[in-house]
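Just the one chain here, laid out as structure tokens, in the form predicted alone.
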Amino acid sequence: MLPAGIVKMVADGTAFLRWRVEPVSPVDALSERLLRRGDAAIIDFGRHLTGHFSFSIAGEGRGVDAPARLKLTFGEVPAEVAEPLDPYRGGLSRAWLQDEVINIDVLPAVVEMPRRYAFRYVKLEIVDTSPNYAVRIARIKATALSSAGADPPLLPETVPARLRQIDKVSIATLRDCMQTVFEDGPKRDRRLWIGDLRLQALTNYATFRNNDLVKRCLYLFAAFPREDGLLPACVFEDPEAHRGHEYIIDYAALYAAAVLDYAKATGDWNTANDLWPAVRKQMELLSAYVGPDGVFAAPPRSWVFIDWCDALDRAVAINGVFVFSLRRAAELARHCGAEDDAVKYEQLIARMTAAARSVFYDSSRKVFVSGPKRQVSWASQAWMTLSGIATNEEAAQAFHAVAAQADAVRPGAPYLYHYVAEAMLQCGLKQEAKQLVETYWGGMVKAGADTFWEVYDPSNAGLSPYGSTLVNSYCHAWSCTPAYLLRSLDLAGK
């Protein structure tokens, strides 16, 4: 694809991400300029993409008597090409930041950058040539990569414009994360994670329908269990497929849901049968963490994710996730001819449901409370709802109560916001779910997002789990689900 134009970034304290984009010239104007040391230009491709970048470069002057040294910086959002990347103080590797210094020894040349980037903007800087020549840059091009296929039909015009725009950005997010696997973020991490996969797959069934990609990802997880059979939270593809070193309790549990989702969406129960042993093993391993009191307690030092939120007490939520997953495993077991397993899971569901209602439900406050401080959070209400532990009436009351409680722990990232919206729909709070999507994902759109972000807090533009927003992912898998909510769960309807 060709660039949309040349732009400049202008500091703007009123903009959510601190910068606004102003047009400078058509892209052809760049090829009319001779560029020397210190010259720079920012190229805007008009939308986010995952792919490769190329350009041609020629030298003009008395003689090309030295290499041309260029710096290229790729950005998903304006700040990444407007602000210095160093000194970098983030907690993740500096190597994730998308900047390159290249030397071109022989001019003219066609330069095809070998790495794959996730970007909308490219800042091109002339670091040096020699006093005897300048360079001319032309034929700038990006090659966008995705395994998504053709875009799905647009939502009908009867759907409000704000929801249609959210749907469009949602689809773009999924598209750019769909590569040889469902990546979590094409800029940073570039891995297959169970939690992201499940949400991407649900959105894929409602949009692109590349179901073979889902199937491949499910098999990749089943192929690389830990020695005891627990599935890894993530899988790498290169230099050959292998498991990551992270293990997340709730992700392992949700594998059952991902397999059942796939089978029901595609009718491919042969694959479900094939993957059933891996699902059963997760249920067996995780059931061991349910104590005599019927409460799930993850072992010390294990990772229970639920959400990017340090303040969150996860005790209630992980009980809900496991009961939710047991229900999916029981349904899957019956399809796979494992009736005894289905009965066993249903007995455990009944025991855990009774325990959760006894231990976690505060009938006077009409909410589920978690941990020794009896914390009230959106995560607890969402997973008690989705698991079926709360009745729909109780769930609706709980959401109204938590919304009115100023110190209730709110979601920290779109991953949990999705499950909150889905839980609201499940208990009949359709208007509240629609408002949540409009204000949260719609807030990102108003802030300039053309793909949805890894983290977003409307009150804190500087939020980063990694100590620097420069390494945040601004096209992130778990943020893509509004298209699923709008299309499959009829959020767009009245």
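Since the structure is predicted, the reported quantities are computational estimates derived from the model, not experimental observations. For every residue, the number given is its place in the sequence shown, counted from 1.
There is another form of this protein, the form predicted together with another copy of the chain, and it is not shown here; the text below is about that form.
Engineer: Arg162, Lys281 and Arg328: each with a heavy atom within 4.5 Å of another copy of the chain in the model of the complex?
Structural biologist: The answer is no; none of Arg162, Lys281 and Arg328 reaches another copy of the chain.
Engineer: Want to guess which of 213-221, 190-198, 416-424, 350-358 is within 4.5 Å of another copy of the chain in the model of the complex, heavy atoms only?
Structural biologist: That would be stretch 190-198.
Engineer: Answer with one of Gln405, Asn273, Ser130, Asn392: the residue that has a non-hydrogen atom within 4.5 Å of another copy of the chain in the model of the complex.
Structural biologist: By the 4.5 Å heavy-atom cutoff, the listed residue in contact is Ser130.
Engineer: Could you work out which of Asp293, Asp228, Glu339, Asp105 is the residue within 4.5 angstroms of another copy of the chain in the model of the complex, going by heavy atoms?
Structural biologist: Contact with another copy of the chain in the model of the complex is made by Asp105 alone.
Engineer: In the model of the complex, does Arg33 have a heavy atom within 4.5 Å of another copy of the chain?
Structural biologist: No, Arg33 stays farther than 4.5 Å from another copy of the chain in the model of the complex.
Engineer: Is Arg115 part of the interface with another copy of the chain in the model of the complex - any heavy atom within 4.5 Å?
Structural biologist: Looking in the model of the complex, residue contacts with another copy of the chain include Arg115, since a heavy atom lies within 4.5 Å.
Engineer: Considering non-hydrogen atoms and a 4.5 Å limit, does another copy of the chain approach Lys373 in the model of the complex?
Structural biologist: So Lys373 does not count as contacting another copy of the chain.
Engineer: Taking 4.5 angstroms as the cut-off for heavy atoms, does Glu346 touch another copy of the chain in the model of the complex?
Structural biologist: Contact with another copy of the chain, no.
Engineer: Going by heavy atoms, what in 38-66 lies within 4.5 angstroms of another copy of the chain in the model of the complex?
Structural biologist: In sequence order, Arg62, Gly63, Val64, Asp65, Ala66 come within 4.5 Å of the partner.
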